[in-house]
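Take a look at this one chain, the form predicted alone, written out in structure tokens.
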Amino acid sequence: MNIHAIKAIYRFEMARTGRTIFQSIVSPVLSTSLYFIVFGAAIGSRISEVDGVSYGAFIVPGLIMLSLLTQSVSNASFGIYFPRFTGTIYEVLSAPVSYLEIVIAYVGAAATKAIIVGLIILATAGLFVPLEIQHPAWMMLFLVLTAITFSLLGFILGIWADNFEKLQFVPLLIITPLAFLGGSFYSISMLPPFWQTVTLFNPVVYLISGFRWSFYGQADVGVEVSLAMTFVFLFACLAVIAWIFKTGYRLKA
């Protein structure tokens, strides 16, 4: 494996974060903090606890996951789309770098940036409410797996998109609504039975439920099911990327 090539691409992508620190780090942290303040103050004044957890603390895992999903997709999609847009992707494809190494570098950088944002939001939330992480190892596992999985999804999106509008379509009009409807700010047990069943078709429910379980030991869905669904989505994204490189979809002129 060409470790030097992976490091070069990875460092280039991470350096871009330093050049756009406000957009990459500060902006998502500020926007998530505003969500926390508004929802915590407006709804928290009416709902004191959810499943024995104060409402302010209850929404923290959902807010972190919301930011993690959108940042993973956006970072990875832009990271691979921009070389396609400028034409420099052909230099990478013609270099002695395998497809696996390309994916590891771009997806690794996008996932790293998303995880950094998630951890900063976690630390920021600790300033507002007392946090309890009962299963820190599981928390990091869900954090890393989710970041990698949605970075892979963003990589696919960056190859599929042929303009900046399509690049923003999935994060804004699909990922964010699914996160809002996936129990970020409420427990699905609070919904009527019919809508509880409908909500289970939302894949983000399993991510948020498993992540919240790592904090408070409570989940809408069994943690084993959440972990299994995460791996299913991960392998599905890997299969699509393998097909893209095998066929040259949107990569070959």
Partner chain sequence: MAPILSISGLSKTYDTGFQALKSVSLDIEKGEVFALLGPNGAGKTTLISIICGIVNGTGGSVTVDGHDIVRDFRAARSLIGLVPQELTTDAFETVWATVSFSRGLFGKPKAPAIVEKVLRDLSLWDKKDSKLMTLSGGMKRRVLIAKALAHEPRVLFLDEPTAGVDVELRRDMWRVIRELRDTGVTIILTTHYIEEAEEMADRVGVINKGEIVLVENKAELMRKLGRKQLTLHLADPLDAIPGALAAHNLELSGDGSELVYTYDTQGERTGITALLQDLNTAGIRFRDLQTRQSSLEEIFVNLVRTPS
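Numbering follows the first chain given and starts at 1. What you see is a predicted model, and the numbers here were worked out from it, not measured in a lab.
Below: the form predicted in complex with its partner chain, not depicted.
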In the model of the complex, the one of 126, 136, 96, 177 near its partner chain [non-hydrogen atom within 4.5 angstroms]: 96
Contact test in the model of the complex: residue 130 vs its partner chain, heavy atoms, 4.5 Å: no
Heavy atom of residue 91 within 4.5 Å of its partner chain in the model of the complex: yes
Residue contact check: residue 163 to its partner chain in the model of the complex, 4.5 Å heavy atom: no
Partner contact for residue 237 in the model of the complex: its partner chain, 4.5 angstroms, heavy atom: no
Interface stretch in the model of the complex with its partner chain - options 166-174, 80-88, 153-161, 137-145, non-hydrogen atom within 4.5 Å: 80-88
Interface residues of 2-29 toward its partner chain, as seen in the model of the complex [heavy atoms, 4.5 Å]: 2, 4, 5, 8, 9, 11, 12, 19
